[in-house]
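As structure tokens, one chain now follows by itself in the form predicted alone.
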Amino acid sequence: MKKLRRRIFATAGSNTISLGTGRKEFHPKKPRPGLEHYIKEAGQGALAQINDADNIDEGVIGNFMAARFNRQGNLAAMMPMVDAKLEYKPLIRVEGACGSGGLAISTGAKSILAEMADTVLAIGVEVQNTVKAVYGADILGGAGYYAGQRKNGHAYFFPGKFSDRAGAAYEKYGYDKVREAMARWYERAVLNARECPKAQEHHNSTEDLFAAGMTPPNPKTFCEHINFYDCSKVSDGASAVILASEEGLD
């Protein structure tokens, strides 16, 4: 790739709590914050670190399947909830399955490189604890080729895909070696989360994390080659970052 024509800086940033099972304040049967809450919290957290929201030239919001999880499309139109000064500015929504937040950042960077903006507010948001896990798995199946793969796929579509990969790794490298490596991944992830008050697993008090990660897969309750601890949890939350050119930093 050629050298970028302009330098791009990731400046002010903000994260909300990643809310879901594991957080003490999460209760599946009680009302919880919606999309607008997380968009506002993350966006306002970033804007509070700059002089004026009027300095933002463009906004990009990344999300996957809000139209099904939340029955809300056109998320770009919700960005003025962050600050009224964003109204009438170029605001777009992008989607790239699990990479939607990253796509928001790259889209903002492209606007800066194209000299169409000097400052871009990029937000990534997901609120998916609105349906039961098995129904959510069906919705997330839309990240793959739904018409061609979903009908014959696992009930937990994407965990099933990764389970197949884990099975292939067992065959190539041996069950014990791969199982132990995956258990160490889980252990390290939770230890890191304990250091971050906003992380979903911050309140996890399991004493022997490695032993939990070593739980044998049970195809009767989940997948053939992975367990629940091998999977990322469903989180509700958002992150925001302001991208700027050198001119935009002034």
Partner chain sequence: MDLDARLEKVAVLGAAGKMGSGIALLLAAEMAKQKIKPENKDRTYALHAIDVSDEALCGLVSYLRPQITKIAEKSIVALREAYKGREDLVENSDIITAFVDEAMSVVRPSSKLESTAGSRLIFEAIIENKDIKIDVLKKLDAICPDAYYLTNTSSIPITVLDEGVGLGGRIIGYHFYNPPAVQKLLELISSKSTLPEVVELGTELAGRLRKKVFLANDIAGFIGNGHFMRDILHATGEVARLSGELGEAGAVYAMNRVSQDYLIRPMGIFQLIDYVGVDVCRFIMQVMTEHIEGETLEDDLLDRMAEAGVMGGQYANGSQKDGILKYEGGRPAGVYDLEKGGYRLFADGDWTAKSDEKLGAMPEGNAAWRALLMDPKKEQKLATYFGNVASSDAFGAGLARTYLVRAKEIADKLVSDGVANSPEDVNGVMTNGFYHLYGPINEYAGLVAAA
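Residue numbers count along the first chain shown, from 1. Here the structure is a predicted model, which means the values were calculated and not measured.
Note that the form predicted together with the partner chain isn't included here; everything after this is about it.
- Of the heavy atoms in residue 220, some are within 4.5 Å of the partner chain in the predicted bound form.
- Not displayed here, the partner chain is kept clear of residue 95 by more than 4.5 Å at the level of heavy atoms in the predicted bound form.
- When the partner chain is considered in the predicted bound form, residue 155 lines it closely, a heavy atom lying within 4.5 Å.
- Contact check for residue 151: a heavy atom falls within 4.5 Å of the partner chain in the predicted bound form.
- With respect to the partner chain in the predicted bound form, the three residues 172, 179 and 226 uniformly fall beyond 4.5 angstroms at the level of their nearest heavy atom.
- Though the partner chain is absent from this view, in the predicted bound form it lies within 4.5 Å of a heavy atom of just one residue from 86, 127, 137, 109, which is 137.
- The listed set 194, 32, 184, 68 contains one residue whose heavy atoms approach the partner chain in the predicted bound form to within 4.5 Å, identified as 68.
- Look at 197-205, 38-46, 212-220, 53-61: in the predicted bound form, residues with non-hydrogen atoms within 4.5 angstroms of the partner chain sit in 212-220.
- If you take 51-67 and check each residue for a heavy atom within 4.5 Å of the partner chain in the predicted bound form, you get nothing at all.
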